[in-house]
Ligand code: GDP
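Have a look below at one chain only, the form predicted on its own, in structure tokens format.
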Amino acid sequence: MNMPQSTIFALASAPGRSGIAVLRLSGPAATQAIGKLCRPKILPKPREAVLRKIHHVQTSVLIDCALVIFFPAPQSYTGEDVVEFHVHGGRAVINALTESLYQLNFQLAEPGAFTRRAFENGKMDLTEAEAVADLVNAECEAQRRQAMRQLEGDLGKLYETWRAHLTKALAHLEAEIDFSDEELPKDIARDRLADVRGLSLEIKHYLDDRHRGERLREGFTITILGPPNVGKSSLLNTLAKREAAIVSEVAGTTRDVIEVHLDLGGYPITLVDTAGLRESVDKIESEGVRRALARAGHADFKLLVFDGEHWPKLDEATRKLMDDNALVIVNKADLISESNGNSVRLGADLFIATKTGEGIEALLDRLVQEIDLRFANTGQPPLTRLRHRAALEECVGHLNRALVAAAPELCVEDIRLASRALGHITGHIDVEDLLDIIFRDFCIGK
């Protein structure tokens, strides 16, 4: 690809006051900034931090003493000449340096501009570029591991391996069409179609992943459900280790959905408290119940909470929500009547008491086990984006049509389209229309 002719710059560190701020430049004129702003004007050795005095380009007033690093093309993040100024992170310093860069006709980078140039200059494919954004946004260990695996190229290599198989099949099938009069290996078309059938099945199996990678990127949702006054809000507060929800002995206190974000066992969790499930003539409470049931339908996992004081009596509305993605929890275990004996402690997954802390550690351990099962490493790098899923589904559709095509030429065309769908994921075909969509959610400076 042609290298962009403009030189861009941006604050590559977090905005606001800081000990050190990093301004990054990339483009053909990046090194000119050193000659225009720095004293002495000597270009530093590649990848060696040197101390320079930074002067305003017009007034020559000293702005700061800074570390300057030069990364020559093509051994840089973007594949272009890159210069970094490591200045003191005060607003006045950053503003003065930014003003000087504007006066040198450098352009402020759009979000994702540096990573986009890295892609355009062949430093990474699109899956690796997307992983940069995921790594910047990672809030827990599991998200970091997934982003790093993708950044190291595992996902792109998988998709490119599949595309290479299709390219080979395409070449052999086209050869049989174009050189039908020549002596070609026997059964070449049958063997390549068998390969295509096997690849189609492999991609279908890969797609049948319960959206594991996408859910890890977005966060795993656990919704707390149950009748009024069983301690759902107390459980939310206990797990969140703060007073996130109002707790009251008055039934129906929680009327809206309350969300708390947690790092549980290295996984990103959204814990959701909901209104108590019961029929009500109160319009606001009824709306709360409707929202609770709606969240139950979209939850990755459910905690169904029952009242130990009334156990083993089951609330019917909550009982209907029992399935393989639910834990049955009895709260107020300290109030269970001893006269009922051990038999009353059957029929539930866990017994807890939020007031005393009984069973909370066991609940946390069980939740981590359940999440581990859903995010278990299958060996292959996980599918992480809806964009990838849509392209893979398109690929499988073309392969299925190729296998039942009425003519060899139609078969070849569908395999070509299947290969193109895979190429859209990694960017190894013309994807100009996709680039603005992919990079618009990046932070400035990356």
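Only a predicted model underlies this, so the values are computations on that prediction, with no experimental measurement involved. A residue's number is simply how far along the shown sequence it sits, counting from 1.
The same protein also exists as the form predicted together with guanosine-5'-diphosphate (GDP); that form is not shown, yet it is the one meant from here on.
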| item | value |
| --- | --- |
| Segment assignment from 368 to 376, 194 to 202, 77 to 85, 351 to 359: heavy atom within 4.5 Å of guanosine-5'-diphosphate (GDP) in the model of the complex | 351 to 359 |
| Contact label in the model of the complex: T318 to guanosine-5'-diphosphate (GDP), heavy atom within 4.5 Å | no |
| Contact label in the model of the complex: V230 to guanosine-5'-diphosphate (GDP), heavy atom within 4.5 Å | yes |
| Heavy atom of K332 within 4.5 Å of guanosine-5'-diphosphate (GDP) in the model of the complex | yes |
| Partner contact for S234 in the model of the complex: guanosine-5'-diphosphate (GDP), 4.5 angstroms, heavy atom | yes |
